[in-house]
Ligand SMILES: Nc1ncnc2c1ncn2[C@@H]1O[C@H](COP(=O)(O)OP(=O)(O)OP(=O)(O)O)[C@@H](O)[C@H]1O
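Just one chain is shown here, as structure tokens, and it is the form predicted alone.
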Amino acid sequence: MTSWPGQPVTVIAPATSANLGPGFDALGLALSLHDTVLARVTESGVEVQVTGVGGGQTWRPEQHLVIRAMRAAFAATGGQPAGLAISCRNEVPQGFGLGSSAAAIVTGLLAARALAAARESAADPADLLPAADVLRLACEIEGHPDNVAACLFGGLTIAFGAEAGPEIAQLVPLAGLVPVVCVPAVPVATKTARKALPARVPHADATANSARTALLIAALTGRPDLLLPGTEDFLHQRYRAAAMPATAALVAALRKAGIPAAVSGAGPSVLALTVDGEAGDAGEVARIAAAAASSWRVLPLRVDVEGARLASN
């Protein structure tokens, strides 16, 4: 029987912001804030160590999201190892609409794929489990594709369903794009944010949202002058405002100042899409956030164009 590798593997995965305003459950943008997982096969048991974000939490090791994702990948590649140990170094805020669960899932899937590929002496882990299968497994665990697609592939992604399963289109975001994330002190559960959404929306709102989503794609790929109208949403943000009033207030204040801003994912973080050399830069975002009634941590970032990847140990 082929033996499991003795050496660990390390996977790095970016934070993500989904929706970007009108692109509900479809658009995703990878951000330069990362979770890193070092994983190895052991003789028995499951060991989980976490530093950084989430380091003070307690959980049953088998229920940790990285381990759950690893189990799914091992099942898809032919069998489970006797034991596992992971060490997570987290930068992505958890419960703030920045794709922390997507990062955990993707790191787990890629770590398990790499370990299984080493066991099978596969030159390329993708030969054992292609990217399309990784995306499918990630969506099955996460429930929707927007964050996992951007996390896995990097840059700007459009996720959509097809008969064969989830698919994506990758786009190159405009040069000089500076996503600025404003993170509040208190998280909001994604389930809470989703419960605020109505079962139906007016046809006029759906029509307007389709136009804004198309406009946003044009803005993000070459027309920065269209970012402000392109980030206007008609499907979800107004319905979530009552659950996160400080978020709604900051989005409104930024947009009033001419800065393209939207709720990041399900919130409560706010994403401002600024551009190098243009008015309304990260400094202006920070000044507006500092004047708000609530406290905000302002993080000027870059677009992560690589997506999740193996790192050298």
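From 1 onward, residues are counted along the sequence shown. A quick note: this is a predicted structure, and the numbers were derived from the prediction, not measured.
Note that the form predicted together with the ligand isn't included here; everything after this is about it.
For a residue to qualify, one of its non-hydrogen atoms must sit within 4.5 Å of the ligand in the predicted complex; all three of Trp59, Asn147 and Ala189 qualify. Though the partner is left out of this view, Ile288 does not reach within 4.5 Å of the ligand in the predicted complex, counting heavy atoms only. None of the heavy atoms of Pro166 is located within 4.5 Å of the ligand in the predicted complex. Put simply, Pro179 is far from the ligand in the predicted complex: not one heavy atom of it is within 4.5 Å. Although the partner is absent here, Pro184 is not a contact residue: none of its heavy atoms lies within 4.5 angstroms of the ligand in the predicted complex. Between the ligand and the residues Pro125, Pro93, Gly154, Gly230, the one pair within 4.5 Å by heavy atoms in the predicted complex involves Pro93. Contact annotation: of the candidates Ala69, Val41, Leu254, Ala266, the single residue with a non-hydrogen atom within 4.5 angstroms of the ligand in the predicted complex is Ala266.
Of the candidate stretches 98-106, 130-138, 73-81, 199-207, only 98-106 has residues with heavy atoms within 4.5 Å of the ligand in the predicted complex. For the partner-free chain shown, nothing in 112-128 comes within 4.5 angstroms of the ligand in the predicted complex, judged by any non-hydrogen atom.
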